[in-house]
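For reference, the chain that follows is the form predicted alone, supplied as C-alpha cells.
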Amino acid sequence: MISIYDTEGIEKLRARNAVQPHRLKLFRTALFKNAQGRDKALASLPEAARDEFSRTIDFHSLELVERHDSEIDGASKLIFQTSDHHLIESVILRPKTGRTSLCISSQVGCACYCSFCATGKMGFTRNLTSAEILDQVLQASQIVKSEGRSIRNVVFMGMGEPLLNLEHLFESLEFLRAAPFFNYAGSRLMVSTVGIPHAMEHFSSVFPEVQLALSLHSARQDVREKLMPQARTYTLELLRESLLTASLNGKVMIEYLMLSGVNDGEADFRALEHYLRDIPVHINIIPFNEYAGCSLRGTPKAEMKVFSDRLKTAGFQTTLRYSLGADIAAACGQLVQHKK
C-alpha cells in the first residue's frame, strides 16, 4: 500500500494510470482542503484510474475507535488506534467564537513525566509517524465538515512532546502548510513544548512563521524542577536564551498553569515578571484540570484573575483561558490511554 502522503509513490501511480496532473490536484483538493472523504476524492479521478487508486492507496493510518462529546461546551475527544494497537487521543474544540480548533498528539505517551499531566503517567511507547499525526487532522476535518465547520487551527498540544519527535513533526508541518495538501498558514499552526532549548531554536529557524508555545508554569528553578523533571537538564537560564532566539521571529506563547500554593504566590509573580521582562511574549493563564491520582489542585478562579490582571498592569499581553472538554477528560493535561 502507498501512503496518501507518499508523494513519490502517488506520482508513480498517477503516471502509470495516465492521470493528468490537474486531475490529481482535484483529487487532493477534495480530500485535504475540502475534507470530502475518500469516495468523493476518488470520484474526481478518471473512472479508469479509480479502482487502482482505491486498492493501492492507504488513506488512513489510524482507526477511530471511540468518540466522546461534551455535554457542556461542544468539545469532542477522538480516540484512535494505531496499526500496532496503541491508543492516542485528539480533541476537537468548538469555542463560542466559532473558530474550530484541533489538538493533536505527536507521541504514544510521553517521556517528560510532568507532575500535572496525566499523559506522563502512561510512560513513553514510541513516536507517531507523520502519517499518523496528519491522519488525526484529516479524520477530524471530515467529522466537522458534516457540521458545516472546518478546522481553523491545529495545535500540537495533545499526547507527547513534539520537539522530541522532530523528524515527524517537521514532515507533518510541511504537509500541513503545503498548497497541494492542507494549505494552512503558519499562523494557524502551533507547537507546544515543555522546553527543549536546542530543539526550540532549530524549530524556530526552520518554521519561523509557525507559532511556538512554551509550557513554563514557573519562573523559579526549584519549583519548575518539581513540576517538570526536564527542568533539571534544561534550566531556566538555558531556556531564556532559547526564548530570546525564538522570539526574533515573533511573539512566543507562554503557558502558565496555575496551581494552588505551588506557583501562584507573590514570589512566583515577581519571578515570572522578571524572567519574561523584555521578551516579546503572550502569556496564557491556564486553569488546572484535575485527574485521578494527582494531589495538585488548581488556583481558585478569582485568584487567577488577580494574577492575570497584575501581569497586564505590568505590561504583558495576557489572556485568562478556560478549559473545554473537562467533563469528558479531554482538557489539557487529561489525555491518557493505554494499549488494548
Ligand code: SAH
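The model shown is predicted, which means the values in this text are computed figures rather than measured ones. Counting begins at 1, following the sequence as shown.
If you look for the form predicted together with the ligand, you will not find it shown, but the lines that follow are about it.
Contact check for Ala271: every heavy atom lies farther than 4.5 Å from the ligand in the model of the complex. Residue contact check for Glu161: one or more of its heavy atoms lie within 4.5 Å of the ligand in the model of the complex.
A residue is said to contact a partner when one of its heavy atoms sits within 4.5 Å of a partner heavy atom; Phe288 meets this definition for the ligand in the model of the complex. Within this chain, Glu255 lines the site of the ligand in the model of the complex, having a heavy atom no more than 4.5 Å away.
The candidate stretches are 233-241, 115-123, 69-77, 176-184, and the one lying within 4.5 Å of the ligand in the model of the complex by heavy atoms is 115-123. Listed residues Met157, Val91, Ile151, Ala246 were compared with the ligand in the model of the complex; Met157 is the one with a heavy atom within 4.5 Å. For the candidate set Ser215, Gln136, Asn263, Ser172, a heavy atom within 4.5 Å of the ligand in the model of the complex is found for exactly one residue, namely Ser215.
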